[in-house]
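Taking the form predicted alone, here's one chain by itself in structure tokens.
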Amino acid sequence: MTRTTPYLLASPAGLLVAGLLLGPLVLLVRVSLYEPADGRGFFTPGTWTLDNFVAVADPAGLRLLGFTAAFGAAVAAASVGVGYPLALFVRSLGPTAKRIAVAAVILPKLASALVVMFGLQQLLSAAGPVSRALVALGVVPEPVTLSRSVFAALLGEVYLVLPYAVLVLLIQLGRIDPAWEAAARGLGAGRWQAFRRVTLPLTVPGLVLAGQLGLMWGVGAFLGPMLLANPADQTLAVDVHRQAFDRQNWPRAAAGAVVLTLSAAGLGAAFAVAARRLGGGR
């Protein structure tokens, strides 16, 4: 094997990335710099303008971007907050029960995301079981619709990303030698102290990866906010869809998509840097 062999072997993957990722991104940036179409087509050929990015950066656009970032942070926190205890529980099971539990975690991914969202719509509707249970318990005096709220959108996105977070955390937990926890218990540490001093620090890389995954997923969230949120509480991905298909303003939609891509990359990188600093550079 020569020194150039690894590069030759990696060249097909490099060409695939360049052709299917960088190429469309370049075209997306170019479309975002066109003027909107004057009645025909998707844009006005041969034009150059920054007005589309100015529209994205107006006060309404900045509020939309802020809500998108906050929604992504909420998805990250919820996916880690729910996924970590679930991963710890699955890890504690025996071999057969663990296989069944992992299959149950993965099972929702076999269904279409649209089916999941419509199912949540029915579950959280005024006639759904959640509303009827709240009325029966006396929490609310009459049926309420929960499916048009930020909570419903958050629930939908967490439901979609949770299997990935649990699998990442299970892999990280599987790398921990049980003898280390047993040694801590043997030296007098209680169950909580052994978890806090041994298990938790060793799972920090998995927590960071799961959180970063949830953040990127939430920032780019579309189905949950589109189908479950209030029309006033929409993410940037939903706005891109509406600009393109409802208003037929493809350059404005492309500008929003460029900002969304850069924001997701920036937030993901900032999350990784912050997590590394909080973890003492590990």
Partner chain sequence: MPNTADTSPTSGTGPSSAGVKDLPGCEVDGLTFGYGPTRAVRDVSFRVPEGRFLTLLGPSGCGKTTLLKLIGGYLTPAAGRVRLLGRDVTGWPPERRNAGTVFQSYALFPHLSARRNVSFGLEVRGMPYRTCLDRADALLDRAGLTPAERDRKPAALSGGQQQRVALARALVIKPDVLLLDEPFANLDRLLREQLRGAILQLQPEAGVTTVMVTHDPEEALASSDLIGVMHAGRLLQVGPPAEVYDRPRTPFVARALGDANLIDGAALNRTGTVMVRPERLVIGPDAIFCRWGWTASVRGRAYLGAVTRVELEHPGRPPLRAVVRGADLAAASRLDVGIPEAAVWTIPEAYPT
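Positions refer to the first chain, counted from 1. Because the structure is predicted, anything quoted here is derived from the model rather than measured.
Form predicted together with the partner chain: not shown, discussed below.
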(message) Residue-level question: is S92 within 4.5 Å of the partner chain in the predicted complex, judged on heavy atoms?
(response) no
(request) Considering only heavy atoms, tell me if V150 and the partner chain come within 4.5 Å of each other in the predicted complex. (result) no
(request) Give a yes or no for W180: in the predicted complex, does one of its heavy atoms lie within 4.5 Å of a heavy atom belonging to the partner chain? (result) yes
(request) Would you please decide whether S112 lies within 4.5 angstroms of the partner chain in the predicted complex, comparing each non-hydrogen atom pair? (result) no
(message) If the cut-off is 4.5 angstroms on heavy atoms, which of these, L123, V198, L88, V116, is the one near the partner chain in the predicted complex?
(response) V198
(request) Could you tell me which one of A73, L160, L173, A189 places a heavy atom within 4.5 Å of the partner chain in the predicted complex? (result) A189
(message) To test your reading of this chain, name the stretch in 204 to 212, 190 to 198, 75 to 83, 160 to 168 whose heavy atoms come within 4.5 Å of the partner chain in the predicted complex.
(response) 190 to 198
